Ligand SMILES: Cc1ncc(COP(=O)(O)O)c(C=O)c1O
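Below sits a lone chain in structure tokens, taken as the form predicted on its own.
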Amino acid sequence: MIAPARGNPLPEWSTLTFAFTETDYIVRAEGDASREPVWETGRIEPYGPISLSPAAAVLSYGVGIFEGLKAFRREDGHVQLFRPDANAARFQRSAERLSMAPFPVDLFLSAVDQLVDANRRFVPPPGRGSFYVRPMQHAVEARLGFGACHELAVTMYGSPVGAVGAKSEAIRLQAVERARVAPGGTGAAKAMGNYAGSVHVAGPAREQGFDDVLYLDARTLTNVTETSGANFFVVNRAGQLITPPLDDQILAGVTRDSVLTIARDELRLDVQERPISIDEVLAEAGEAFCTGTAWTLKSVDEIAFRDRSVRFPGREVRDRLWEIISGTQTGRRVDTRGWTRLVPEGASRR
């Protein structure tokens, strides 16, 4: 039996954006790498503050990771998740990169089921948005001096967020001659610290009317990598779909992988994962878009770099991909790839 929550008010579905709304419950799990098994099963708790030692390693040394995935309410009323197993696997890879014991995939999936089921009333109606799930793992061990930590915790919370439309507004990017992360660093992991530095870089661009920045690779400052929190794609004049290859500076996005799979297998596009310079993007691309859990697929209308500004009028490839991916996420299309997971009724009471 889970403890009763305060019963927070539901938001107005028509005004939802990608912003935080407090819900009823969170999931917590403790881990200790000095015992076997390392991880306890997650438990449901009423939403509220969590307790940490001031000396917790996550606070001083940033030993923490996170994930992001969505649950959708289908027309038949059932709620389903999109590719949670892929997020669970990346959660493990990110933890290992920060020398934390990985959270087992089965416990991850069970915790997500529990969280969404406990907050089921906060999952928006079909077409009105989704329920965004934010799993985090952090080193809670109190220590002075950094190193691998034994005492760990996983915390998951969620929030209803607004819908991404078929004709969602395109964004403007400013390409910057700097890298998002250091070469050989934690760029391939979803580490908390990777995102803190982006605020300082993207802030001035947003003040100039841009939606985000597009980073270049750290080694040459010539090839594009990704934005502050999304992977980047272009379609060139030859009809090739191109995205930078995964390396130590680029996160393996779940939506990125979904786009590549559908583009190759269903749309039969010429897909290339290869370095692409900012000069080639500006000279050869007719379409550009970004992918990520928050944006799904977001068209890029304009990229500014140095004294140049180029528009990208194309939308065809993005729109075709969006229709398939969003249709699968929401249950409008039959899932032929096993990418969705139904959230069982009563999962939080088991």
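Residue numbers here begin at 1 and follow the sequence given. Just so we're clear, the structure is a prediction, and the values are computed from it rather than from any experiment.
There is another form of this protein, the form predicted together with this ligand, and it is not shown here; the text below is about that form.
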| query | finding |
| --- | --- |
| Interface stretch in the predicted bound form with this ligand - options 272-280, 247-255, 135-143, 149-157, non-hydrogen atom within 4.5 Å | 247-255 |
| Interface residue in the predicted bound form among 261, 228, 110, 92, criterion: non-hydrogen atom within 4.5 angstroms of this ligand | 228 |
| Interface residue in the predicted bound form among 31, 42, 292, 64, criterion: non-hydrogen atom within 4.5 angstroms of this ligand | 292 |
| Contact test in the predicted bound form: residue 195 vs this ligand, heavy atoms, 4.5 Å | yes |
